[in-house]
Ligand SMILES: N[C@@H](CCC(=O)N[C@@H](CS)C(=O)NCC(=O)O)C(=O)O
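Shown next as structure tokens: one chain only, the form predicted alone.
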Amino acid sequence: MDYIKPSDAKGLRGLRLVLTIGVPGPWGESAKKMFEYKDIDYVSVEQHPAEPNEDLVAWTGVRNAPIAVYNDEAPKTNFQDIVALAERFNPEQSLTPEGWDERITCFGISNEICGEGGFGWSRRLMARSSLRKRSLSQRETEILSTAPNLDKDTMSRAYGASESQSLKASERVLEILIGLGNRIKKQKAAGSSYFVGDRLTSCDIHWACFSNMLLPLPEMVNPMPEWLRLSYADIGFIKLSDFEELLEHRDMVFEKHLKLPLDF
């Protein structure tokens, strides 16, 4: 993917999307896939993991990614605001259910996946923690030595994670996976392959992108750094075999609706 620097993006008009360069960050991938699905053009702006990103902060006031900036509007960083922006640009290919109950369910599922304290948040807290609890091979040690220094103190400063959240991250991930698995089983029993209703919605895209943190897509369609693949693939006591329906859902969404390979 081609990126421009924040200092160059600041003077442009139109939609600019700040993304973490070189990795398939699930928040950023979700935003990209929303816009791609709706055929909305954007300019990719670079953000570097575990770095101050001072020029980005000077422009947007935010260090992290993703950030969606349209013309002179305030930067949007929350997943709900990014969905709303995509809906505004192209309401015809809607990713938001029309009915009240289904809409609340859709955004509730998305919040469990990508909101604070949700699946992605908790998996990020888990990252490399279980790896530190076992003996690593020489190859694993070499791979992890190439990772950015995303230690616990960095996470706490950047995202405000508490010690309690860190200790309960694995349990929280399992709880969410069980809930998502039960939801998709219920939907399949009712004749639908989607989390809500009978068509693609934003929570389906959120799960498809965040599922890389449960089981990364294969290298041929997801050429992510080795250190990140190793971290994402280490899921502690969670058994992948218990959540085959969720991985099947991910594969279906990419096959029918989203572009592969991932490009970051």
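Numbers for residues come from their place in the sequence shown, where the first is 1. Quantities reported herein were computed from a predicted structural model and do not represent experimental measurements.
Below, we refer to the form predicted together with this ligand, which is not included among the displayed structures.
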| property | result |
| --- | --- |
| Among the candidates Ala65, Leu228, Leu217, Met34, the residue which, in the model of the complex, approaches this ligand to within 4.5 Å (heavy atoms) | Ala65 |
| Contact residue in the model of the complex, chosen from Ser94, Thr105, Thr77, Ser192 - any heavy atom within 4.5 Å of this ligand | Thr77 |
| Candidate stretches 194-202, 65-73, 37-45, 217-225 - the one whose heavy atoms come within 4.5 Å of this ligand in the model of the complex | 65-73 |
| Residue contact check: Ile235 to this ligand in the model of the complex, 4.5 Å heavy atom | no |
| Non-hydrogen atom contact Arg124 with this ligand in the model of the complex at 4.5 angstroms | yes |
| Trp59: touches this ligand in the model of the complex, heavy atom cutoff 4.5 angstroms | no |
| Residues of 5-37 having any heavy atom within 4.5 Å of this ligand in the model of the complex, listed in sequence order | Thr20, Gly25, Pro26, Trp27, Gly28 |
